[in-house]
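Okay, here we've got a single chain as structure tokens, the form predicted alone, with questions on binding and movement later.
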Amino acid sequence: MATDLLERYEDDLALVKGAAGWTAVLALLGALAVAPLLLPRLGLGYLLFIAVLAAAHVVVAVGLNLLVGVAGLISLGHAGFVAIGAYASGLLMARVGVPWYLAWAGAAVASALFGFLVGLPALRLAGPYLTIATLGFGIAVYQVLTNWTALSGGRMGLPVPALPVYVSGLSAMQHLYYLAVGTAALLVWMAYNLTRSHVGRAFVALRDSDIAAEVLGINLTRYKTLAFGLSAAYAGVAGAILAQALRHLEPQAFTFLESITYLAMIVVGGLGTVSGAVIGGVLLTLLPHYLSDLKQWLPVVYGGVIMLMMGLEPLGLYGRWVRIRLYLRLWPL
């Protein structure tokens, strides 16, 4: 996708371009930093919880975009990876007693290991067959969590210990907000740089043509399993954030519908772009809260939005914004 008009090689290397870009980034970071201090005073403290959910969804959407949008490998079972991360962090904190940061790291490692295992069939499967395999993985994880009550608590759920508050004057939710948003910002920055590295270029080559990529010397086994592992690690961290936000895990929070929601995030935001995944993650976190009266119809809404977006703007909202920006720069040409 043409994203901008580049005049120099340095323009292609720069992550943020121009004074306007840096102004926007600094303004966004400043707003995110002061939001948890201002919102409770304005009687909007509940928005902190939604912001934490948005940060978790941004992480899982960015990771899924690396797999689907960049590497071209479909997954309809990503809720399974999120569930593994959530339960891994919850079990490590509740039953082993490890600190939260080790539990979050353990969640990423556990999900990444399952991601590598799920990535192995991708060497022989493609298209709808791979989609069905990932769908089966997500359903299997849900069934294991539901029926293995000694591990997960089953339908009774698993309580998750609260994070300790290290900064005096901050509430537990404010503390979680800074950790969740900071983690999301770090992982988004890593994804931006990954897509511009040789690993990201290899993923794009896999997406465009397996045969051509192999002729160029790209190891299909290594990069396909790596794509699944990285995407699953992102989902694991997102699951750890969700576990802290919810404080009580149930299998019903990780159904097939959640996998469809994650896919809708990257399609609506802009498939193949990190910015699009961020936009989609935030937008589809806010949407259910403003459509609470239509909660039972949300699957229909998501399906309709995906079909409408694919028909009208296959590049998503970010792609539309790029078109508008290029039009304004070129006008009146």
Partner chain sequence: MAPGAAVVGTLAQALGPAAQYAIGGLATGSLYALVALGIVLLYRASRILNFAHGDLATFATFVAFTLLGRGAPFGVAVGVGLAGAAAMGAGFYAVAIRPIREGTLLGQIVMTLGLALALSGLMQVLWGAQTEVFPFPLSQTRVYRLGSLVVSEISLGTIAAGVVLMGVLYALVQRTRIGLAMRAVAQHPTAAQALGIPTRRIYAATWALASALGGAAGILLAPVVYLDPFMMLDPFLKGFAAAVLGGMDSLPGAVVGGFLLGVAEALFAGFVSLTFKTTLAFVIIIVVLLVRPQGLLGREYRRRV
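Residue numbers count along the first chain shown, from 1. Note that this is a predicted model, so its numbers are computed, not measured.
Just so it is clear, the following notes concern the form predicted in complex with its partner chain, a form of the same protein that is not shown.
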Partner proximity in the predicted bound form: I74 to its partner chain, non-hydrogen atom cutoff 4.5 Å: yes
is_contact(L257, its partner chain) in the predicted bound form, heavy atom dist at most 4.5 Å: yes
4.5 Å heavy atom contact, L151 to its partner chain in the predicted bound form: no
Its partner chain contact at P128 in the predicted bound form, heavy atom, 4.5 Å: yes
Listed range touching its partner chain, judged in the predicted bound form by heavy atoms within 4.5 Å, from 43-51, 264-272, 56-64, 22-30: 264-272
Sole residue of T221, Q143, Q252, S197 within 4.5 Å of its partner chain in the predicted bound form, by heavy atom: Q143
Non-hydrogen atom within 4.5 angstroms of its partner chain in the predicted bound form for each of S171, Y178 and R320: no
Interface residues of 205-223 toward its partner chain, as seen in the predicted bound form [heavy atoms, 4.5 Å]: S209, D210, I211, A212
